[in-house]
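The chain that follows stands alone, in the form predicted on its own, written as structure tokens.
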Amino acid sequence: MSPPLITHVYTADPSAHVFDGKVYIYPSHDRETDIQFNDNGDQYDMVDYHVFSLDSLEAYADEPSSSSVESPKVTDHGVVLSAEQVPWVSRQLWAPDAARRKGRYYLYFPARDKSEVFRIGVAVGDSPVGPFVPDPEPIPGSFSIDPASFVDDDVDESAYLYFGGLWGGQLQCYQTGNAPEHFDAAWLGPKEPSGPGAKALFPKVAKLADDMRSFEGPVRDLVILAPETGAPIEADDHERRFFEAAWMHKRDGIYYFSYSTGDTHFLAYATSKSPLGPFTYGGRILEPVLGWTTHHSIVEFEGRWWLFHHDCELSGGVNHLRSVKVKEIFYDKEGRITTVKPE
């Protein structure tokens, strides 16, 4: 297992992007707290975001061991956005993401509003390291957590935002509709559909408008199908159903939607010919790591593909003090993701 990329602060939920020949990482920033672990995630009490960059990942090629890796130099560009800068935020700046489109940079972030409901905001800058200026209100129609942006460079730079997270992320509160007004507080807590015939809750997707700060059209379900039946994955299939940590990447015309299974601690992926789906479950990317959560990104850099994720090795297993790691991943001849380099 490779060592942490960043050791001077705790970082998690890494969203990695390549801009102008460098890798930029947009993670959440864990901090020490006395709040006890609970299923609503109150112990994840983050208040700001840093941006990090690095020029090379060569040292992490071909699954190195911790003893053989000298970590590459990672530049910390400092705090680029804090909760106190965003008028609508009450607390918990959770996992962010970033995008570049038409020369501008957009930082997407979830947080609780003044009524304790998670919404998604956006801040805008002229550089990948900010400064980012937040919009005064969350994105209209947004809800839940874990925004992941995807700009389809092959198709007119169409842009999408994927999001959602169960339990503390409140996705289960939107079972009657995909809009903030459908929030149902009765579903707060570790509750989700269960039982014979119950279908898993879906992650959400919306096409971004040209301004990258609003939705063009409705929020939609991103349906994930079981390959053996062609039917939506069932709610009790906890080893394959979506829990949180949406991510989208594209390779050879195939869209790969990857995500965390949450309480079973896997990273999994599904594939489609469309960024809106439906997607068909494809397999696992990462087995459970030390710590409760698993959250990631996948990016191509200098002809190789890389999986960024986090674990709690550096903190000795403290679940809310995590550290970003990276490993190389591969694709077989059928386009399936594998962590073993093909012969």
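Sequential numbering from 1, following the sequence displayed. From a predicted model like this one, the values you see are computed outputs, not experimental measurements.
There is also a form predicted together with a small molecule; it is not shown, and the following applies to it.
Participant: Looking at 171-179, 189-197, 238-246, 128-136, which one sits within 4.5 Å of the small molecule in the predicted bound form if you count heavy atoms only?
Facilitator: Selected range: 238-246.
Participant: Here the chain is shown alone; which of 270, 81, 145, 99 has a heavy atom within 4.5 Å of the small molecule in the predicted bound form?
Facilitator: Contact residue from the list: 145.
Participant: Which residue, 279, 44, 308, 52, is the contact with the small molecule in the predicted bound form, using a 4.5 Å heavy atom cutoff?
Facilitator: By the 4.5 Å heavy-atom cutoff, the listed residue in contact is 44.
Participant: Is residue 297 part of the interface with the small molecule in the predicted bound form - any heavy atom within 4.5 Å?
Facilitator: Outside the cut-off, so no.
Participant: Taking heavy atoms only, is residue 94 within 4.5 angstroms of the small molecule in the predicted bound form?
Facilitator: Although the small molecule is absent here, residue 94 would touch it in the predicted bound form, with heavy atoms inside 4.5 Å.
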